[in-house]
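We begin with a single chain expressed as structure tokens, specifically the form predicted alone.
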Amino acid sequence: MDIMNFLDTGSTDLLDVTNMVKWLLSSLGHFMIFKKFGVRPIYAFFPVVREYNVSVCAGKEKEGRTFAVINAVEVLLAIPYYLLKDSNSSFFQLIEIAILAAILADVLYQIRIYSGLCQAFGRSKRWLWGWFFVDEWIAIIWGFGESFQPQKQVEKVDADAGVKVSGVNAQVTDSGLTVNISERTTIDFFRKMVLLKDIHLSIPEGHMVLLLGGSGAGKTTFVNAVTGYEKADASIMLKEQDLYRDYKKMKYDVGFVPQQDLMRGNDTVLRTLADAATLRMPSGVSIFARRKRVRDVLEEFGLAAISSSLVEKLSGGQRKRLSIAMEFISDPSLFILDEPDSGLDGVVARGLFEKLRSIADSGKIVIVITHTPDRVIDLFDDVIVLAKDASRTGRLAYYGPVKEAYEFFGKDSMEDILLSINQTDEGGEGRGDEFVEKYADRMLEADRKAG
């Protein structure tokens, strides 16, 4: 609420001192308010960060993101404003208009957020007038007054919220993929978020693996970590080569097919695949070898007969095959696909998965995400099951043969397994923690016997 006051240089030293005192009082009051809510008190002394955390205390986290951005814009606009305020340039007038717009938006969000703060303290919304006109004194009263206590603490996300961690690294295999992810973290609006944790597995070559998990369980994050697109605190070894350390050399050995293709509709199938070969194959490959590879892949994916057809004229199944062929052109050892059967009927999808099975049988590692696994589950060797634990972190709930997965979860289908680990607010049984700990115990027991 006091950013502009804090930045105001004014025309006298007295005004400067007054604004500084107001800012200091407001910061001290917010310091104590944050302490009461269980938020890091030091955030009270940082503009923008303070506004976001006030919103968190008020139970208005989503609004707080916009509120913080508005305050950041005000701070950025204040700099040229005070540098140019003695000029009458048109640029200065534009800045004034922008500042007025930001202040108006700021006021609207203040009403929402500080109304929420009043509710969080169990106080009447009449206190809003105080927050608008003498916010530094209201902050002091609410922060230091013993009778002003929040009705609940800010919910804390604890990455170690009682869910067991095995910490057992998978042994590196000389002919497959070894994944040892300690954790994958990110900063989301001043908060550290643990997206993945304690994921250790080893996939032999020639295996086709289902990647199963509910929304937010970390499937995409896991794939990005394995491919090196978003590095984690991890060791990713493909045939004893470090994917992170030797990424430039290893990137041609990893293929990833996203759910949505990026093909141009007015290109032919042949041109599309030829362009993919230029982009995805090492620069040292000769033009003759590249052309031969294009012809071979066209034949392998049943696209040779339609090589002159435009992409926009292809059927859904043909388009999917071309999308897969584009990534397969570099002959990767690790092949990952995100919902390759999306939008396809059962017969066409079955044929596509049978092709992926043949790719795995040729000695490749194939990992597939699909929302309809039960109709093709007989084609998979293993399944990776990711689940959100109590801290909303993606964890490994199971990795192993498909047949053993049914016994492990006590279910008869992959859909039922998914329902068992999904949280109750997602229509599931909310047993994610149970199976994460059960699998961690299995890993620890296996490590104890081996050691």
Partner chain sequence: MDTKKIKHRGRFSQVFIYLGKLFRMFIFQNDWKVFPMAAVIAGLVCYVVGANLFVTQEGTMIGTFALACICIWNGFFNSIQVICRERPIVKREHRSGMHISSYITAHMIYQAFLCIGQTVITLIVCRITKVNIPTQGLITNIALLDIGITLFLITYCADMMALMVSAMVHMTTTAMTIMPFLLIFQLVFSGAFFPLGNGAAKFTDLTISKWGLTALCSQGDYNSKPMVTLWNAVAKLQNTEFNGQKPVAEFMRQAQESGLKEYILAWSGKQNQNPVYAFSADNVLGCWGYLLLFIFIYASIAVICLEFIDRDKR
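Numbering follows the first chain given and starts at 1. Note that the structure is a prediction, hence the values are computed from the model and not measured. Rigid core here is just the name for the largest C-alpha set that superposes within 1.5 Å across the two forms.
Below, we refer to the form predicted in complex with the partner chain, which is not included among the displayed structures.
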Is Gly363 near the partner chain? Define near as a heavy atom within 4.5 Å, in the predicted complex. no
Counting only non-hydrogen atoms and a 4.5 angstroms cut-off, does Met263 reach the partner chain in the predicted complex? yes
Since only the chain is shown here, I'm wondering whether Thr278 would be in contact with the partner chain in the predicted complex (any heavy atom pair within 4.5 Å). yes
Does any heavy atom of Pro80 come within 4.5 Å of a heavy atom of the partner chain in the predicted complex? no
Given the partner chain in the predicted complex, answer whether the residues Arg392, Phe409 and Arg431 all have a heavy atom inside 4.5 Å of it. no
Determine which one of 370 to 378, 350 to 358, 324 to 332, 175 to 183 lies within 4.5 Å of the partner chain in the predicted complex, judging by heavy atom distances; exactly one does. 324 to 332
Which of Arg123, Lys231, Lys164, Arg290 has a heavy atom within 4.5 Å of the partner chain in the predicted complex? Arg290
Just to confirm, with a 4.5 Å cut-off on non-hydrogen atoms, which of Gln149, Ser87, Ser90, Gln171 contacts the partner chain in the predicted complex? Ser90
Does any residue in 356 to 377 get within 4.5 Å of the partner chain in the predicted complex, counting heavy atoms only, and if so which ones? none
With a threshold of 2 Å on the C-alpha, tell me if Phe92 counts as moved between this form and the one not shown once the core is superposed. yes
Core superposition between this form and the one not shown, C-alpha change of Lys62 at least 2 Å: yes
